[in-house]
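To begin, one chain is listed below as structure tokens, in the form predicted alone.
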Amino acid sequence: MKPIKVAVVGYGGMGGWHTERIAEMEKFELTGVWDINPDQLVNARNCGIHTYTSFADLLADDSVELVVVATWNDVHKPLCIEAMRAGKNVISEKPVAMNLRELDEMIAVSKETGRLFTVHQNRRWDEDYLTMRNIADKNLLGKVFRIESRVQGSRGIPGDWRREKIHGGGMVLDWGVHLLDQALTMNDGVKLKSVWAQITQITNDECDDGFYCELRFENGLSYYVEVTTNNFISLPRWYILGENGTAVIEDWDLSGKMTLVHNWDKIDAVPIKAGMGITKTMAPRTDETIHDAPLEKVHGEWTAYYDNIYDVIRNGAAQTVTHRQMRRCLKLIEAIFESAATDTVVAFDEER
């Protein structure tokens, strides 16, 4: 097994994370890093990591086969294109580009040069997502008709470039791209019909600090996505409604349960007092008609992403995160901004 030699551009939070993970994998070997911030280069050298003197210096290293771009969002395009034209395969951190036009230019260069070009959508391997998807794929609740996906914080946007629109800041491009990729990946091959969205700017005047959106798929699934950074009582990470049950996943620790109906015929109920009236419709079910079940937890391996990268470069395999999927996700992001700006439901054009 010949390791693939990798150089990382950007030695901030995600760049540092990539270097640590690469060092743990036998299939890859870190050659060094480059960052525009001299302090970050000092940090890298203090960790025993080779640092390049410039991006050109990095690209001139003939041993480098793969470049990981972990920089501000607004410079993904020029760095990725220059790296591919220098003969390097490229992984971009998410979001892969600022808009669909930029992405199409990057894909064109990938096809022109024959170099691998993909994006690091690592949260396809999150165990909470895999557990939710398993519930839907196996019809453990019967046909699923609604999924709610949330991440919630209470500190606003981090106090760095993520607060600045010019660098591609905001929560749609930060956390949103992960949750939207998850929604589209589990519905790959199912037409997305429409998008409704609202963005918030509670803690930041320049960028969105959160958003809400509703996705309607052709198979009848309603998929709700929420990102907020100004919430102090968190709702569940996942809430899944099926024709024969409901599931909840509270957080990344996979706490939660499924509640299933096993007797649909017995629906009679004694009316209960509700506010200033009574209701039979909303009375709780009796214990003999429902039961709770533990979640079927699914294990995820983050290294599966890099394993695929190795197989693409060494063995000619198909890449897991495809150009088509990357385009679809960015089209969805553009539809979210359009819906929020116009306060309308936007029809989603799968062919554009």
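Sequential numbering from 1, following the sequence displayed. In this text, all values refer to a predicted model and were calculated from it rather than measured experimentally.
Here the subject shifts to the form predicted in complex with nicotinamide-adenine-dinucleotide (NAD), a form of this protein not shown in this document.
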{"item": "Residue (of Thr185, Asn122, Gln152, Asn204) lying close to nicotinamide-adenine-dinucleotide (NAD) in the predicted bound form, criterion heavy atoms within 4.5 Å", "value": "Asn122"}
{"item": "Heavy atom within 4.5 Å of nicotinamide-adenine-dinucleotide (NAD) in the predicted bound form - residue from Gln40, Gln325, Thr51, Thr320", "value": "Gln40"}
{"item": "Segment assignment from 30-38, 312-320, 295-303, 281-289: heavy atom within 4.5 Å of nicotinamide-adenine-dinucleotide (NAD) in the predicted bound form", "value": "30-38"}
{"item": "nicotinamide-adenine-dinucleotide (NAD) contact in the predicted bound form: Ile267, any heavy atom under 4.5 Å", "value": "no"}
{"item": "Close approach of Met14 to nicotinamide-adenine-dinucleotide (NAD) in the predicted bound form, 4.5 Å, heavy atom", "value": "yes"}
{"item": "Contact label in the predicted bound form: Gly169 to nicotinamide-adenine-dinucleotide (NAD), heavy atom within 4.5 Å", "value": "no"}
{"item": "Leu79: touches nicotinamide-adenine-dinucleotide (NAD) in the predicted bound form, heavy atom cutoff 4.5 angstroms", "value": "yes"}
{"item": "Residues of 60-94 having any heavy atom within 4.5 Å of nicotinamide-adenine-dinucleotide (NAD) in the predicted bound form, listed in sequence order", "value": "Ala70, Thr71, Trp72, Asn73, Val75, His76, Leu79, Glu93, Lys94"}
